[in-house]
Structures are given as C-alpha cells and as structure tokens.
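Consider the single chain below, provided in structure tokens and representing the form predicted on its own.
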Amino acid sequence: MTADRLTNSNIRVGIDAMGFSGAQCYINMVDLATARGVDPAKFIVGIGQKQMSVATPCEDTVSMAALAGRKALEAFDIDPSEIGTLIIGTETGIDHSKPATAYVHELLGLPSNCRQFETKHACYGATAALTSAADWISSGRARGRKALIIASDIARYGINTPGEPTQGAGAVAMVVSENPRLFELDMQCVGDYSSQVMDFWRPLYSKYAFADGHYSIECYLEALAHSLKDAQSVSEDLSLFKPENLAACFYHVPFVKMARKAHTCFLEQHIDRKLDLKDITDKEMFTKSYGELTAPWLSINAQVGNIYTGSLFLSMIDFVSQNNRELENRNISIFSYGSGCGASFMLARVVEGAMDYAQALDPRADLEKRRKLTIEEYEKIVALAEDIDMNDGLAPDPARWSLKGNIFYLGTHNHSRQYGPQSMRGQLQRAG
C-alpha cells in the first residue's frame, strides 16, 4: 500500500475543515479615529476597516491557535487521533526555541506520533505549512492521516503609530487531507516567488515591527505578478487563470483595501497593460470583476483586522459561510504574500457540498459576542502587553475582561509559560 501511495500522483488533497478563533474584545475604528484626531473616513474608506480585534494579555498565539484547532476538529467531526502533522504558521512567536505547536499539541490531545513544528516567514508562514502538508500527504508519508495547519497571530504596531489601524488578532485552523470537503488544491501548478527585501521586519530587540508601508505594497504586487507567471509556466491550461473562469480570487489581506490593489494587479497581468480607472471601460471592467470575485469575501476581515498569516484564509471562511452553492465545483485563485519576501499563487476547486458547512464555519455570531472596548481600555491593554511575558510577573486574569472559554495564557512562572482555565491561576500572582 505504501508503494502505491508513493507512486500515485492522482491523490486529491486539500482543505477538509476550517475553524476561526479571534480575540474576544475589539474597538470601533470610528472611536480610534476620533481619539487620534483624524477623519474616520481615513480608516473606514481609506483602508477599509470597520473594527479591530484586540488581544487581551490572556490571549496569545497558543491560546487562539488551540481554540481554532478545536473548532475545526469538532465542527467537522474529526478525532484528534487522525492528525499526523501539526504546523503553526506565525510571526508572533512565544519562544526563540520552543514552537507554539508543543503547547497546542498538548492542549488538543493530539497523538504522540504526530510530528509538530512551527513555520515563520512573516504572513506567508501558514501557506508554507499548507503546501508542505499537502506534499506530505501526496507523497504517501501521511499513511491516511490528516494534517492540522493553524495560522495564529497578533498584529501589533503600537499606539499612535502609522500601523495602529492595521492591527488585529486571531487564528484560522485548517485540516488538510485526502478527499477534502471544502477546497481541493491543484498542486500541479503552484507558482512561487522569493526576494530579500526590507519592507517589514521585527528585530529580536523589538516587540513591534518596522515597516516601509509604501515599499511593502510595491513588493506585494511585484510578488503577485511573478508568482502568477510562475504558476502559469507549469500549467497545461492557461485558461484556468482567466478571471472570467474563476468563482473567487483570494489575496493576503493586511488591510481590506489591499485586496483591491491586488485584484487590480491580477487583472493587469491578463490584459498586459495598466488599468486606467478614470477610463469608463476600464473602470466598469474592474468594478464588475472586483465586485464579483473579491469584495464579497472581505466582510469578516473588516471586522477582525489584520491577523497576519491567517488573513488570507479568513476570507476563505467568509466565502464558505455565505453559502453560495452555485459556486461549488468551480475554481478559485489563492495568493499569499509574506514580507521579506516570499509568495505563492495557486488554484483550487470548491468541492461539491462545501457549502453544507456554511453554518458550522460562520464566525459572525461569535464576533457579535465580543466586548467593545473604550479607547482608554484598549490603551491599558497595550500597556499591560509590554510586560506580560516577563518571568513571575503579574498573572493576567480572564475575568478582568469578561473572557469566556477554558484556554488562556496565564503568565510565565519559573520561566515556563502557563496555559489553562482561569481556575489554574492559583499558582501565579493575581493581577491587580
């Protein structure tokens, strides 16, 4: 059987299950704009954001990843024993050596013969994990098991910085398997692009990232053009990439307006010229294409904000949750970008029956339950986050922010991170 698997290039592999878990608090972008003395339209229209999730000190890469993973497994009736690989893509690391997966592996009760590791490449890390897992399954090494891929991040730029309105927090979990129920990946035409650029980075000595915003947009669009061409170079049917033959186009979404820039670039690659949006014909073509293929799947991103590695996949959750059954059995395009930089462009097929899971995937009910913070409360949380990882410091208290659930970061004690329900906080110092 193993030999057959190793030689079988016809294995159908893709995303079998998904789940989202975000921070339980948020701020309204109008409130943030007012507090910063800017026109709210700068945030609402200029970058396309309506709300921004804010991670309390009790919510970190591990806690959000574990909750997202649990949701994916339970919603799609997958037993933890079926998972043979666990990978977390993140740029919000919790340790220079120990991967976040070590904690999540324990919290989810995954088997001991499940390999686990972390991938890092800015916002591209989870896509690297996704394609690695697909290759693992296609090679036959999975032995019928599935892979759990989790994109978990907290985007932090600091108070009153240019990047402040593009923050966010959340995790998207994906189970990758043979005969997937949501999206079947076309692993025969994945295009890649890499280049050493200084558009966004976070040195070891800094809690906040450094970014050259305008340059990063240029790098993003250049990577899109090159990775698309690379994917086309190995495809036997270039018509598959034509916008009119796609049901949806998904892009990395550091802020909602970036998807508009990305789709403009995508269309330009097909007409082999720059779009002139002042021209009526060009404007109508773009508006129709963007309005049908990309814009409908950005509503959740607009409420959550930037979640780095998970932003792309949050749009895909939005797509399924809207229950458009006429889009089943059709192709979609997926573009992932990570600063620094690395990128991939690929095609996938929406599996027949995928929309049966619309309700199970829809996170809107949970988003409505989030606690709205005042700007003063938000700024207090930012201040607390500065020292929350210090050894034997104040233990964060979930009750302080009325958090629900049973997986929290409870502080670092004796140089060891602590996770669990609120009842476990007795061994740590209680926060004031």
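Heads up: residue numbers just count along the shown sequence, starting at 1. Keep in mind it's a predicted model, so treat the numbers as computed, not measured.
Absent from the display: the form predicted in complex with a small molecule. The rest refers to it.
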Name the residue from Pro111, Gly144, Gly213, Gly158 that puts a heavy atom within 4.5 Å of the small molecule in the model of the complex. Gly213
Only hit among Met258, Val304, Ile137, Met346 for heavy atom within 4.5 Å of the small molecule in the model of the complex is Met258
Partner-facing stretch of 179-187, 118-126, 347-355, 312-320, counted where any non-hydrogen atom is within 4.5 angstroms of the small molecule in the model of the complex: 118-126
Determine whether any heavy atom of Pro203 comes within 4.5 Å of a heavy atom of the small molecule in the model of the complex, and answer yes or no. no
In the model of the complex, Gly191 touching the small molecule (heavy atom, 4.5 Å): no
May I ask you to state whether Ala41 is within 4.5 Å of the small molecule in the model of the complex, using heavy atom distances? yes
Close approach of Ser339 to the small molecule in the model of the complex, 4.5 Å, heavy atom: yes
